[in-house]
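Shown next as structure tokens: one chain only, the form predicted on its own.
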Amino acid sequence: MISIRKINFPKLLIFSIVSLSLIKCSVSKSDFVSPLGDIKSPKDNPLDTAKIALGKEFFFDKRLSLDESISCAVCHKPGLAFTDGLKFSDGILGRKSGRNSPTLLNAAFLPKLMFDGEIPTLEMQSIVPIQDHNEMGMDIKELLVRLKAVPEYQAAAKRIFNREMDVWVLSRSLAAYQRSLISDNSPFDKFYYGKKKMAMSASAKRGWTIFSEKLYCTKCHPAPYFTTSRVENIGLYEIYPDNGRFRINNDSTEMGKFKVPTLRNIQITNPYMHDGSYESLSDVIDHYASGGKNHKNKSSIIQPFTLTKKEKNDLIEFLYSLTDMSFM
């Protein structure tokens, strides 16, 4: 668990009480052990509150984009579980991102990041959207000139990292902030891990049984993370407009494969799929019930099934039970 100590921040880095709650929803619950386990930080970037605070400043700073119109928070809004509710996110100069924005909650526990399932660390991931042509479109060298002109950033870099404002400071701070965004206190967590029988409705409990026993959902979405972080082709298309992981290795067996997303907080992270092609959970369930489209790389896990209307409603109620609003 993260230990939160009282630290006197300069004015730029002061958190509100609400923002501090983002660091670890369960910190104050001495009787609660997170099912997610301890946050493991890289040896070269140990987590501390000053670093998280600086990362938060960068995260909400539109100066990180070419035309100063886009911050990380534009595509990852805290109130939407750090997604944005759009099929494709807004970028600079009226451009659109190439894929749907995934939640950042619990990214600390993911072994691979982005839908290609290729980037291994949050430190590396943090500068990808900054340089993306459609998202923030910024040249890193030009960005550093811009950030070095901010006295508070220069001072924070010296105080926290003992170095000038540079890519190391930017990437380590952004990674630290993202690593602090934990969601582990949903009704399901209280019921399944906290042994509180009344935390979930009877409908949600039936839905959990359907999810974990009747269907194959846990093969890709096992608790507690509700993702395997593997890349899979789920038969979303017969011909994929976006070839997925294929673009990394040019391997035809990886065409149409995308990293399995977490289902935590899925109630508020629509639209769904890598391209936001489904607006509702009902649509998503219908896709899997149909067995998906025919594609040579479609996972053998994806098989058609039948649910009654009541079973489908119960399954959706279970998925709603994975919503944890305490991160707000």
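The shown structure was predicted, so the numbers you read here are calculated from the model rather than taken from an experiment. Numbers follow the displayed sequence, beginning with 1.
Missing here is the form predicted together with a small molecule; even so, the following discussion is about that form.
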Open item on the list: Going by heavy atom distances of 4.5 angstroms or less, which of Ala204, Met165, Leu236, Met255 would be at the interface with the small molecule in the model of the complex?
Closed with: Leu236
TODO: Using heavy atoms only and a 4.5 Å cut-off, determine which of Pro102, Pro187, Gly194, Pro78 is in contact with the small molecule in the model of the complex.
DONE: Pro102
Open item on the list: Let me test this: is every residue among Ser89, Ile130 and Ile266 within 4.5 Å of the small molecule in the model of the complex, going by heavy atom positions?
Closed with: yes
Open item on the list: Given that the small molecule is not shown alongside this chain, does Ile70 nevertheless sit within 4.5 Å of it in the model of the complex, heavy atom to heavy atom?
Closed with: yes
Open item on the list: Taking the small molecule as it sits in the model of the complex, is Gln178 in contact with it (heavy atom to heavy atom, 4.5 Å or less)?
Closed with: yes
Open item on the list: Although the partner isn't part of this model, could you tell me whether Ser299 comes within 4.5 Å of the small molecule in the model of the complex, counting any heavy atom of the residue?
Closed with: yes
Task: Ser126: touches the small molecule in the model of the complex, heavy atom cutoff 4.5 angstroms - done: yes
TODO: Counting only non-hydrogen atoms, choose the one of 179 to 187, 151 to 159, 194 to 202, 108 to 116 that falls within 4.5 Å of the small molecule in the model of the complex.
DONE: 108 to 116
